[in-house]
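Below, in structure tokens: the form predicted alone, a single chain.
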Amino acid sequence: MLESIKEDYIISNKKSWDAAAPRFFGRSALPVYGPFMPTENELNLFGDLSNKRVLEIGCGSGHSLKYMASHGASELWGIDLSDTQIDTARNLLSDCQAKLNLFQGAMEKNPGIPTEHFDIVYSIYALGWTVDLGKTLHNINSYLKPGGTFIFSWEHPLHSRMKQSGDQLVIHKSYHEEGLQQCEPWDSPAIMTQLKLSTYINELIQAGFQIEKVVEDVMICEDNKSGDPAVWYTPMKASLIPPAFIIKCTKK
């Protein structure tokens, strides 16, 4: 029964993402990891990308893959649930010199991606859309060469548990509550997995990864210190709790 429910959520999320794709064109793409976070320019988590085979989980409009191409990656691979996103990414990357392979499909299943092929697998603000983190991480581990790198960013679990009320934050949900939930900022059906940070770390270890670095740093520039509290990510909220996190790990 649970697997059938997950399949229904994947189908529903695909419809929602196909409709919403234009609104997310070029958003949350490298060198940016997420709202109010240090960028790849500051962190240098990927290192030298020359001649690397890279795979993006949730490749969206293709802007992060374009970043990879501009830094010398030799093979660009991506998977995304949305047909609209895949079509957009294919158009964006049409003039790239690197080998390009894009797949429409759910990250919980392998649509034909080769195993033990990639130097780097990464996901920029997309992994939390999985309806089965264990399966997704198992797939990612299988795609990587031994010693390969997996890097991902996602919304910090504390962020949706706190609401801004004036100049204060109010806890409105338990941090310990985990599971598949409707994404609050979306009006259309959009199901994502709410998990504790420790769950992400333990699931990574269970899938065969070694944790190298966890980033929860916040960077708030002078020109973005003001903001509407009705907006999902605000400077005031970011000054008190991290809006997002990054994890870098290695396949054992």
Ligand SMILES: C[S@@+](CC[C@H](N)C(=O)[O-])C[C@H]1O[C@@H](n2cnc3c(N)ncnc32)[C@H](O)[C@@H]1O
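A residue's number is simply how far along the shown sequence it sits, counting from 1. All values derive from a computational prediction rather than experimental measurement.
One more form of this protein should be noted, the form predicted in complex with the named molecule, which is absent from this view; the next part is about it.
A.B. asks: Looking at heavy atoms inside 4.5 Å, which stretch does the named molecule contact in the model of the complex, given the options 212 to 220, 197 to 205, 22 to 30, 44 to 52?
C.D. replies: Stretch 22 to 30 is the one.
A.B. asks: By the heavy atom within 4.5 Å rule, which residue out of F150, W129, F118, W77 makes contact with the named molecule in the model of the complex?
C.D. replies: Flagged contact: W129.
A.B. asks: Which residue, L137, A73, L144, M107, has a heavy atom that falls within 4.5 Å of the named molecule in the model of the complex?
C.D. replies: Looking at L137, A73, L144, M107 one by one, just M107 meets the 4.5 Å heavy-atom criterion.
A.B. asks: Taking heavy atoms only, is P35 within 4.5 angstroms of the named molecule in the model of the complex?
C.D. replies: Residue-level check for P35: no, no contact with the named molecule.
A.B. asks: Is M68 one of the residues lying within 4.5 Å of the named molecule in the model of the complex, judged by heavy atom distances?
C.D. replies: Flag for M68 set to no.
A.B. asks: Under the 4.5 Å heavy atom criterion, name the residues of 80 to 103 that approach the named molecule in the model of the complex, in sequence order.
C.D. replies: Going through 80 to 103 in order - heavy atoms within 4.5 Å of the named molecule in the model of the complex - the hits are D80, L81, S82, Q85.
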